[in-house]
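What follows is one chain in structure tokens, specifically the form predicted on its own.
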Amino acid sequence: MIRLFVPAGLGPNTGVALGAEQSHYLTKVMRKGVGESLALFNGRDGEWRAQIAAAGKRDVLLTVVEKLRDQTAPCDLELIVAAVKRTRLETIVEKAAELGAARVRLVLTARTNAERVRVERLNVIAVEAAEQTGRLDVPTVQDPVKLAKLLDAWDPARRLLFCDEGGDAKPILSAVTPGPWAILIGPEGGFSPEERGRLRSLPFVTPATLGPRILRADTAAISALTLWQAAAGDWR
């Protein structure tokens, strides 16, 4: 069944009007017509079956019929990643949504060397991935901030898993414990010595290694999210 994310509230017999882009997708790409069913979710009210009540050239009206699933909370996991080149960053956001991250936060580091970040486009990718994977929420992608500012405002109740390429860091599978976490992935050039030193000095930071090989940012993010899910997430 086709799944769409909509911002509107969902409940029995609720009417939902789709915008031009979703209407085009539903009627022109997927060739759906009046009376056919699809699933809707909004991140608050669970998942509902809806039917196409009316289909025009530029808009579609849906009627919500019945609840399919109750709303569930996502994993309390954030992915924090240095802004990298567009194609790799888009891959990271897509896979973060598929792997259950609740939020993606972008940071600027001393060695960040990326083109302008299109956060609006990244949020669209997150929505599409959530629709595809069957999750009941959409991870938000936040505007880039400097790493120092992010750390200054950090809530120490959330552990920060610092994917460190060297030193005495433990493997992720033995470093993760239950509780709220964030995973930090650096830029392609790695963190500067000053950034690495500060991270290792903070009490809420846990350095961890992804093995003996140097990974690109997108591979590192996917690997770290997968290992965290295996150790402490909803795969267990």
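These figures come from a predicted structure and were not determined experimentally. All residue numbers refer to positions in the sequence shown, first residue = 1.
Unshown form predicted together with a further copy of the same chain; subsequent notes refer to it.
Student: Quick one: find which of 190 to 198, 170 to 178, 57 to 65, 29 to 37 has residues within 4.5 Å of a further copy of the same chain in the predicted complex by heavy atom distance.
Tutor: Residues of 170 to 178 come within 4.5 Å of the partner.
Student: Please tell me whether the candidate spot formed by L99, T219 and A230 is one where all three residues come within 4.5 Å of a further copy of the same chain in the predicted complex (heavy atoms).
Tutor: Checked in the predicted complex: all three residues contact a further copy of the same chain.
Student: Should T14 be classed as touching a further copy of the same chain in the predicted complex when contacts are defined as heavy atoms within 4.5 Å?
Tutor: Heavy-atom contact with a further copy of the same chain at 4.5 Å: absent for T14.
Student: Does any heavy atom of S223 come within 4.5 Å of a heavy atom of a further copy of the same chain in the predicted complex?
Tutor: Residue-level check for S223: yes, a contact with a further copy of the same chain.
Student: Would you check, heavy atoms only and a 4.5 Å threshold, whether L210 touches a further copy of the same chain in the predicted complex?
Tutor: So L210 counts as contacting a further copy of the same chain.
Student: With the cut-off set at 4.5 Å between non-hydrogen atoms, does I214 touch a further copy of the same chain in the predicted complex?
Tutor: Residue-level check for I214: yes, a contact with a further copy of the same chain.
Student: Residue by residue through 120 to 141, which ones have a non-hydrogen atom no more than 4.5 angstroms from a further copy of the same chain in the predicted complex?
Tutor: Read in sequence order, the residues that approach a further copy of the same chain (within 4.5 Å, in the predicted complex) are Q132, T133, R135.
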